[in-house]
Structure formats: C-alpha cells, structure tokens
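Consider the single chain below, provided in structure tokens and representing the form predicted alone.
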C-alpha cells in the first residue's frame, strides 16, 4: 500500500517570546521567511516504528552504530565527553514501540560518560523529500540530543563539504527550545546557518513532538509538530549550496561539547531520548 502524506498550506512565523538576552543571542539567525507554502503530497518510501522485544537492538538492515570517541578520539570534533557504545544499556528498543538512546554517567574506555549514536550510512540515503521523527528528548545541562543528516559522500568528500542538515538539536538546559541548522563549506560549526524555535507552553522533554524537514532542490523547510518555522534557500548560504545529493540519517545523545557546554552536578543521569518512529517520504 502506498501511504500518502498531504502537507497543506501553512502560515510561517516564529513564536519566540524570550528575554532580550535570548533575542540578542539569536540575532545572527537568518530571518527571511516565506509566508505560505504550496500544497505538497508525499508517498512514504522508508520508515521504522521500532517494534521489537524490550532490550533488543534496532533493525540491523536499517541501522548501524558509531562506536567510540570519534575517528581522532577528539569527541567527534566537538569536544564531546561520551563514549558511544552498542550496548543495550545505551541503545535498545523499549518493547512499546520506541527506540531509547540513553546517556549515562559512568567510567568507560577512558571516558566519563557513555551514550548511543545510530545511523543509516551505507544502508539508506536519499536526496530530497520529507524526513520526520516523533521524539521525546532528554533534559539537563550538558545534554545534546540530535536528529540529523550527513551527505552520503562523506568518505570521499570530507565534512563540511559533504553537507550536514540538523533537523533537530537541543541544549538540555533549555528544554523548551529546539534548533534547525545547516553546515557546509564556509558556514560550519559556530558559523552554521541556524534558527531557534521555542514552545509557547510545555517542554520538549515531557512529551513527544514531531520534528521534520521538507527538502527540495532550492529549499529546506523546518517543522515542529507540522508548524513551519524556518526556510533556508541558496541565497541564505554564504558559501556553496551542497544539498543536492543523497544524505543519510543519524540519531544521538551527546554529553558535553561546544554547543552545550559541560554537564553540572545538577544534570540528572541517566537521561534518555525516546524515538517513536522515523519516516521518509518522496514527493509525488
């Protein structure tokens, strides 16, 4: 059966209502947006609902693991503090239809924390479409959950030339704020193109929310709970637009790193990210 997802016309505006300090910290974000979006129809082409026995690993025909502290042992280029493992204590199905990635405070292989990071590299990649996941995120200073994508040509074309699309990343110390970003040549790391979206009520760690992008030849649109809050186009990029080839998916929970800072004595551990499903669509 072909599953159809229909995206209706949606007004685009932001709902940030924070202190002046937060507004100033976001002043470098791109603010140019489109007021309406043409109607789009999608067909589901790949998904995972994470069904399976409690304690089991995710489907190995769809997911593989990143292990360790990064290729150079430098915290994955971000000064992250965790060691990623494939242990069930860090990555497992919960038996109720969710994948659970858990960050723990423990000594392991020279690191002070462990966590999980999974990817579809060499198993599934796609250029353009709608990519979405329903997620409940962890909370606490120094926690960095993310749902993101990397160019599948990364082995031949190193980061950031391969491109990176961050569908969702959060600072655990700010549980009502999420970010959508892109990284590429000339705009990576601290100079990435990014925008924050804040809930007007509630928190991302107390309930599930749907994070998505809709990606075309000349745009990437960012959604939270089907609300379009940001559009990035080639004119917003101070460099080369490298979003014209297949990308693969990743989920992880980092501990520490340049984006979030260090955990504190008040950071609760263990902390888990729950992923109810992930779905990928192509436009009809």
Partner chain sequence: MAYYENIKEINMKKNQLLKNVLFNIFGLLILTTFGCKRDVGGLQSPTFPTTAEVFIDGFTGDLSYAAYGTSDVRAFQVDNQVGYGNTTISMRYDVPDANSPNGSYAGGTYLSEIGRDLRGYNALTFYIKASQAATIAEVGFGDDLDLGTKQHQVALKNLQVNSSWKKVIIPLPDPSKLSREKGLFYYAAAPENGRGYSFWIDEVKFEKLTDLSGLTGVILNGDNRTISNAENGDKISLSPFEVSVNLPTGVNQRASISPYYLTFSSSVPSVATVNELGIVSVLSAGTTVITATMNGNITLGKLNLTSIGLAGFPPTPAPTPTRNAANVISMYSNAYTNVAIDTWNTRWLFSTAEESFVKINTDDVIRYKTLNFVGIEFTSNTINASTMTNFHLNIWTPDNTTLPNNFKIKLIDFGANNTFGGGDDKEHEITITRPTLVSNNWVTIDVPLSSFTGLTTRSNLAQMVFSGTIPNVFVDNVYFYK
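Positions refer to the first chain, counted from 1. None of the values given here were measured: they were computed from a predicted structure.
What comes next is about the form predicted together with its partner chain, which does not appear here.
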query: Per-stretch contact check against its partner chain in the predicted complex, the hit in 199 to 207, 75 to 83, 151 to 159, 183 to 191 (non-hydrogen atom, 4.5 angstroms); finding: 199 to 207
query: Contact residue in the predicted complex, chosen from 120, 126, 139, 92 - any heavy atom within 4.5 Å of its partner chain; finding: 139
query: Proximity of residue 116 to its partner chain in the predicted complex, heavy atoms at 4.5 Å; finding: no
query: Interface membership of residue 176, its partner chain in the predicted complex, 4.5 Å heavy atom rule; finding: yes
query: Its partner chain contact at residue 172 in the predicted complex, heavy atom, 4.5 Å; finding: yes
query: 4.5 Å heavy atom contact, residue 261 to its partner chain in the predicted complex; finding: no
